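For reference, the chain that follows is the form predicted alone, supplied as structure tokens.
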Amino acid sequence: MGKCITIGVISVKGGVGKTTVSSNISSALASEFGKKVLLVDANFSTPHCGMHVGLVTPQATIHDVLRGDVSPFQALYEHDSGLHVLPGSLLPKNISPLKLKSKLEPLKDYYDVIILDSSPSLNDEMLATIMSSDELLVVSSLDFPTLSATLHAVKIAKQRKVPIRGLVINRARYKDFELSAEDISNASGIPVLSVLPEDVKVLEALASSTPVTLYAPNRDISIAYKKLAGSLIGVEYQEQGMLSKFGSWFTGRK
């Protein structure tokens, strides 16, 4: 990779798992691909990124950075996976969201990838993420209400002329009553990068404040996240097959 790329993860409808997608992409990029990654909680009204990685009561936050109380470097925290996080404050603070882009600028010399977890609301918070991003991921699920919200998010991004890398379909159950990924792609005109299956391990991982890619690294959902993360940096994730596992187990034996 060359210079730092900033990827905004957006959705206009809450409850689709946007923060889960953001945290797992970030952790996979750091732990599986060895990238210097920063996850920024840009959902200023209801920040949750910290809780996804075991960071509940940070002393300095993105809110403090936007208020000018601390520099962005003073609000960084390192996860065990090597991922860095710039969390939000659970206590509301008056901020100017549109300062986000300028505040992040000094950090770009230190990271390969910056992931912005956006607000799910159509307001200055989402606009701040769009304006601060080089490209966007739009998170959706396979139902009509979310499709409507997804089309709205795509429209806003196109109006702002920020490239959309693709759609991420989350919590797929593969039932007849669901829309298909092809339906979503055709309606939005945006390619689907990944279809992430519904998995109870995601909830278990959240309860332990650990990304599922680290909590259950061999589950299908974790493999899907790793493949998605790799696609964002142009690297194919090589899944370890059973033959290679057997080979390592029987090394030195006849």
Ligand SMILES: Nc1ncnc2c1ncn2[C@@H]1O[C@H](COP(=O)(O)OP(=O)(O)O)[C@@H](O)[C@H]1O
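Residue numbers here begin at 1 and follow the sequence given. Predicted model only: the values in this text are computed from it and were never measured.
Below, we refer to the form predicted in complex with the named molecule, which is not included among the displayed structures.
> Which among 142-150, 166-174, 67-75, 95-103 is in contact with the named molecule in the model of the complex, heavy atoms within 4.5 angstroms?
Comparing against the named molecule in the model of the complex, the contact stretch is 166-174.
> So which of Val53, Ala229, Val37, Val202 reaches within 4.5 angstroms of the named molecule in the model of the complex, heavy atom to heavy atom?
Filtering the options by heavy-atom distance leaves Val202.
> Please run the contact check for Asp220 against the named molecule in the model of the complex: heavy atoms, 4.5 angstroms, yes or no?
Asp220: no contact with the named molecule in the model of the complex.
> Give a yes/no on whether Ala60 approaches the named molecule to within 4.5 Å in the model of the complex, heavy atoms considered.
Close contact is absent here: in the model of the complex, Ala60 is far from the named molecule, nothing within 4.5 Å, heavy atoms only.
> Give a yes or no for Ile25: in the model of the complex, does one of its heavy atoms lie within 4.5 Å of a heavy atom belonging to the named molecule?
No, no contact at 4.5 Å.
> Is it the case that Gly189, even though its partner is missing from this view, gets within 4.5 Å of the named molecule in the model of the complex, heavy atoms only?
Taking the distances in the model of the complex, the answer for Gly189 is no, it never comes within 4.5 Å of the named molecule.
> Just to make sure I understand: among 146-169, which residues lie within 4.5 Å of the named molecule in the model of the complex, judging by heavy atoms?
Nothing in the stretch sits within 4.5 Å of the partner.
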